[in-house]
Every structure is written in structure tokens, then in C-alpha cells.
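Consider the single chain below, provided in C-alpha cells and representing the form predicted on its own.
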């Protein structure tokens, strides 16, 4: 099953493809000639997918066509010529600038939804906005040629596509400062050491590794999976006592819902 024809037009404008096979949605960044560089249409398309995802989808896989996962924002957006057929990025002179950025961020935020597990299947470069897209996902599987880079500070910008919190949560404040302010490349091997990847495999085995993980995730009871993901997401900001209470409440809701369903 593919997206509807109307959706296909919107997604194509953002260089995106969507395929839904039962409980699995696969989003492909599909502008390989630009190494899947992103534009505002890309972010709007991602947000539209998140807003319209069928309720029976449990796993979302993000991947890139061609030699790279995503080279980040299309730098032509910062030139007078811009990107053909694409609106410019929001200007800070616009009083609604922050609202525009919030709209871009919406393309990333839904990937943390407890109703799904999101997986970034990364090969080649994941730069800037592409690195932040991988960070927005729950899990990251990398090909051994993958490289991460938080490029924004080197371009005179800050990372503003929801990437700073997961980066600090995963690698710690000091390492996050070092990665962002040097804008250096992080290899797949280092990404595992920094806990930025759950698994690194040879590039030829990336599809099989993703397929195996998706199968394992779908083998878990759907209601229990949703409740557990929400519980784990709550844990980092909770005290032990608060988390213990949250566990009790989550278990009660889960089991009572099953009793109500007979």
C-alpha cells in the first residue's frame, strides 16, 4: 500500500516516499541527486505523514535513497537563487519566525509518539538536519560507512530541529558540546561507543538487520509495547518514587483495559 495520490504529490515536493505494509511504514528520503538534502517541503511532508499515519502502524522506518541518508538542509536555500520550486526558509526578520520553525520541528516530534517505534536506517552521511532526524528516532541501525555530523554551528546556526535534547541525553553534555562546536564527523564505530547507534552492520546487511529488528518489535504485544515505551520515556525526568508510581498506574491501565475487552 502506498500513500494516497494527494499525499504522493505533497510528499514528492519534499523529496519523500511513503510505503505502508500492514503495521510497518517506511519513509524514504528520495532526492539522491542532492544526497537527500532537506527543504521546508521535506519537513512539512514529514509532519503530514505523522499526522495521517494509520492507527495500526506500529513501526516506522526512515531511510535514504542513494549514497547517503541525508546531507542536511539544502544549502541552496541560503543563496539568492534558492531551490527551484521551493519557498525560502523562514527569515528571522519575520515576526512569526519561531512559529515557522515550530512547523519544521513538527516533522520530527511525532517520531517519539509512544504508539510507534521509529527506526533510522542510516548509511553514508547524516549531516545536520539529517543527524537530527536520526536522533528523533527511537532506534538507530547504521551501516559501517555511516557518518554523523552536527554541522549547524559551523554554518553560524544552532541545531533547531529537536536534536539537542536527545544528543545530550545520549552522549552527555560535555561530549555534545564537543560534537556540536567542532562539527566533526563521527564514524559508525564511534557512534556505537557513544551509544548513538544500537547496531552497526556491513552496508550490504543493513536491510536484513532492519527487517530482523522490525520483526522482533512486532512480535511484542502491541498494547504492552505502547505502554512500556511511554513508561520508559517518562523515566529520565522522574524520581524513583515517581517512576514506581508510574509503573503501577501503567500496569493497572493495561490490565484493566484487557478486562474491559473481555
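Residue numbers count along the first chain shown, from 1. Just so it is clear, the model here is predicted, and its values are computed rather than measured.
Beyond the structure shown, there is the form predicted in complex with a small molecule, which is absent from this document and is the topic of what follows.
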Pick from 111, 73, 146, 141: which residue has any heavy atom within 4.5 angstroms of the small molecule in the model of the complex?
73
Heavy atom within 4.5 Å of the small molecule in the model of the complex - residue from 34, 44, 63, 226:
34
Which among 34-42, 228-236, 214-222, 199-207 is in contact with the small molecule in the model of the complex, heavy atoms within 4.5 angstroms?
34-42
Taking 4.5 angstroms as the cut-off for heavy atoms, does residue 163 touch the small molecule in the model of the complex?
no
Would residue 167 count as a contact of the small molecule in the model of the complex, using a 4.5 angstroms cut-off between non-hydrogen atoms?
no
Can you check whether residue 177 is within 4.5 Å of the small molecule in the model of the complex, heavy atom basis?
no
Should residue 155 be counted as a contact of the small molecule in the model of the complex, where contact means heavy atoms within 4.5 Å?
yes
